[in-house]
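This document starts with one chain, in the form predicted on its own, laid out as structure tokens.
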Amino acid sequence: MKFKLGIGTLLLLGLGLMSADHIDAPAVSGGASDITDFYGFQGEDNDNIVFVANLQGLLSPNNTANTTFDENTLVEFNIDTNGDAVEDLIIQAIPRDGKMYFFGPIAPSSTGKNGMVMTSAARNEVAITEYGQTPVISSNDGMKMFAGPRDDPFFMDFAKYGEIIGGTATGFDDPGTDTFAGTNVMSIVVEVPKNMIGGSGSINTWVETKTK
């Protein structure tokens, strides 16, 4: 099953945190392949790393219950362990029949825009949590996984940002207005032991969505 890159990537350096703005890819905004944010951080267990991909932003509570992951969209977490900005390992997530299936970490069969589901890799799965229900978390071989709707964690005063860019304001208010308050995203979360990733202790990582 081959997939092609559907949206740009977000880069995270050395486990410092970066995230994307919303509404920055108009061609796919709000669609199943639209990445609103990517987070990477050390887990509560210091021996683990957590990766979070949020998709399909600006979901209202009324629309969230009817929103699903697209079975033709592959989400791929890319991990560069040697600093050359080319993925050395990937973790893939793809939904099927109410579950999210995870493959990896594994070396990709090819790098770059094209890819295929790495069915030869270790496979894990978790039932996709329904809106308003208790989160379902799956654990296996030290990995933990979640997939389902979550409250959007991103804070942005979008109106004030527009004023700053337009030259009519000089700075943000404290705390400002949270443009995304009350909206939801579809989240994919995977927690991985660091010893599954290796490398020098500093990694680059980014996430892509690839469409069939």
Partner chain sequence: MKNLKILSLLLFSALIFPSCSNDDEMTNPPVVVEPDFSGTYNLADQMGRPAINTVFIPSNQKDEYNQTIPSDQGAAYAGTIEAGLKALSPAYANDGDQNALGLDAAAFAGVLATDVLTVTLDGTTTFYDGTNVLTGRNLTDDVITVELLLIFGGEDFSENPNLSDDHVDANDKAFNSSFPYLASPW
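Positions refer to the first chain, counted from 1. Basically, rigid core = biggest C-alpha set you can superpose within 1.5 Å across the two forms. Small disclaimer: the values here were computed from a predicted structure and weren't measured.
Below: the form predicted in complex with its partner chain, not depicted.
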property	result
4.5 Å heavy atom contact, A107 and its partner chain in the model of the complex	no
G98: touches its partner chain in the model of the complex, heavy atom cutoff 4.5 angstroms	no
Any non-hydrogen atom of D178 within 4.5 angstroms of its partner chain in the model of the complex	yes
Any non-hydrogen atom of V50 within 4.5 angstroms of its partner chain in the model of the complex	yes
Residues in 107-131 with any heavy atom within 4.5 Å of its partner chain in the model of the complex	G112, K113, N114, G115, M116, V117, T119, R123, Y131
Rigid core fit then G182 CA moved by 2 Å or more between the shown form and the other one	no
